[in-house]
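Let's start with one chain on its own, the form predicted alone, as structure tokens.
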Amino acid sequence: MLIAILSLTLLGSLLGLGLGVAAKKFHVEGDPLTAEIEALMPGSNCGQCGFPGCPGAAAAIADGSAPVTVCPPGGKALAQALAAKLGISIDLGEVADQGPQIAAVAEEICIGCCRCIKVCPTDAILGAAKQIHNVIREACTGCGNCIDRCPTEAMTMQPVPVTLQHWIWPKPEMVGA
């Protein structure tokens, strides 16, 4: 029994050491600008931009083949942050920004088909077949994939409700300026 434990410990140590050496030797250095842009993006990998997730969109923005307004869930705030990061000026007049939104289920018309669950990139929708579904507000990124897949139009996008966790003190209005 002791020999088996020692041999497995030795084997695990050698394989772990081998993996560590291989990770150092075959490490591929990525583009730091792409990593910074990806860190700014929502990270929902929804695909609304036409790229395979946020890493693909970040790489396209970094090499200049995609505009900074490519991410619909990010809206104007993300486009401004990306433009500032890249040092470019942009016109946000054509970018529609309805503010942060999350999905909601109209329970009276939900048939429990589970189509919305299959396309949600963050697993924010709860439910089972032939049961009413619900959305976890904290997990929903507002990508809107579920809206297109719902056959009964039970899924809608609604503004993020104001709660103590999301409330922001409004900016004061400039009087007489």
Partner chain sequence: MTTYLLLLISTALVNNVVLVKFLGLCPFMGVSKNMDSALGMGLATTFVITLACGASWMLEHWLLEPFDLVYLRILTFILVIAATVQFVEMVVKKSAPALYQALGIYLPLITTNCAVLGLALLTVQEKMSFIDTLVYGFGSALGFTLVMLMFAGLRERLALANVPAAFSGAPVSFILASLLSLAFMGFAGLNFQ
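Residue numbers count along the first chain shown, from 1. Bear in mind the structure is a predicted one, so any value in this text is a computation, not a measurement.
The discussion below concerns the form predicted in complex with its partner chain, not included here.
Using a 4.5 angstroms heavy atom cutoff to its partner chain in the predicted bound form, all of Leu8, Gly12 and Leu15 count as contacting. Using a 4.5 angstroms limit between non-hydrogen atoms, His27 touches its partner chain in the predicted bound form. Taking non-hydrogen atoms only, Val162 never approaches its partner chain to within 4.5 angstroms in the predicted bound form.
Contact with its partner chain in the predicted bound form, judged as any non-hydrogen atom within 4.5 angstroms, is confined among 139 to 147, 61 to 69, 122 to 130, 27 to 35 to 27 to 35.
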